[in-house]
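Take a look at this single chain in structure tokens; it is the form predicted on its own.
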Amino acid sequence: MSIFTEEFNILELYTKQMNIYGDTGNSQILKKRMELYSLRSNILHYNIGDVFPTKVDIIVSGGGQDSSQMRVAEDLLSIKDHLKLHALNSTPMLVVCGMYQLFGNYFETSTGEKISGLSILDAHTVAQDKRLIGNVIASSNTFGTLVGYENHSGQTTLGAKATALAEQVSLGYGNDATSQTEGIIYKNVIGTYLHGPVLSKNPKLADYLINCAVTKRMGYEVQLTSNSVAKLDELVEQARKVAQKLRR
């Protein structure tokens, strides 16, 4: 039985434009895991021109082609204040690839055009000729081994005080071709280049987002447990072991 009378709202940004490599699957994974933890949830959608919802517990968004990224960039600035307030108030967020870039200070295209970002994450991205494509394995002090798939031409530089999601990439590139870091974490906001969808292979990330949402709702940390989740994660771990044997 759930300890909550109200449902949690998972908000998916730009479902129509930013959904490459199945990134919208992250919302479905969160919803299913919350169900297994006896938490009820809804998936809400925000697309260009929509009204930003008033009650949001988790925010997720995926990657897209450069053309899609350009289309959402202007609209994204119109909801900048909503997203900044949520970030400051510790609403958990997961932003992948193109949206990760737009949550930074700016994205510079291959033609030199600078697209203003939200400046929620202390990072900036510059498009390069070389695309970084393939499977990724990265080590995080907080989340352990992360696995996923990257495909991006933008290379992201973290600010001097920014914290990487994963401190060491052992397979693939991550943020750029040289730093050997992957992603970023600020308050409860996670930015990453990992597709997959990333939460399917990294349940610790999913549980982090869920726990943050529950803690914020309750005002104190709640220990979530579920035998069904434990059994599911045994299977996930088998899949993760296979994924870690794959080449680029």
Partner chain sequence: MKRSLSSVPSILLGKLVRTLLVLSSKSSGTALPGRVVELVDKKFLIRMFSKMEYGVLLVSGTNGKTTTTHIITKLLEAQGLRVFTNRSGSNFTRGVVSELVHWSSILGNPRADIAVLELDEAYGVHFCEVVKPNYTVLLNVTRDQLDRFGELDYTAKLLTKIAKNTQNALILNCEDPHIYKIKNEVGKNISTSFFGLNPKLRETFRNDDELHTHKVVTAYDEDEVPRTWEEMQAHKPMNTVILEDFENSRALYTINSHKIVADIEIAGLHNVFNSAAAIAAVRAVMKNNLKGAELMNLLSSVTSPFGRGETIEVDGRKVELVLVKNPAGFRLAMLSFEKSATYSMIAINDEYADGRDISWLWDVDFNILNKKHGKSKGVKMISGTRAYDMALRLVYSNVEVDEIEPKIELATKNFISNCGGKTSVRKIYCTYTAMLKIRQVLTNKRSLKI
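The shown structure was predicted, so the numbers you read here are calculated from the model rather than taken from an experiment. Positions refer to the first chain, counted from 1.
Here the subject shifts to the form predicted together with the partner chain, a form of this protein not shown in this document.
- Comment: the partner chain is not present in this chain, but in the predicted complex one of Ser78, Thr163, Asn151, Ser139 has a heavy atom within 4.5 Å of it, namely Asn151.
- Only one of Ser179, Gln65, Asn42, Thr215 comes within 4.5 Å of the partner chain in the predicted complex through a heavy atom, and that residue is Gln65.
- Interface residue remark: Lys187 is not counted as part of the site for the partner chain in the predicted complex, having no heavy atom within 4.5 Å.
- Contact check for Thr225: every heavy atom lies farther than 4.5 Å from the partner chain in the predicted complex.
- Under a 4.5 angstroms non-hydrogen atom cutoff, the partner chain in the predicted complex lacks Ala230 among its neighbouring residues.
- Put simply, Ile133 is close to the partner chain in the predicted complex: some heavy atom of it is within 4.5 Å.
- The stretch in contact with the partner chain in the predicted complex, judged by heavy atoms within 4.5 Å, is 65 to 73, chosen from 48 to 56, 216 to 224, 179 to 187, 65 to 73.
- Of all the residues from 6 to 34, those having a non-hydrogen atom no more than 4.5 Å from the partner chain in the predicted complex are Thr15, Lys16, Asn19, Ile20, Tyr21, Gly22, Thr24, Gly25, Gln28, Ile29, Lys32, Arg33.
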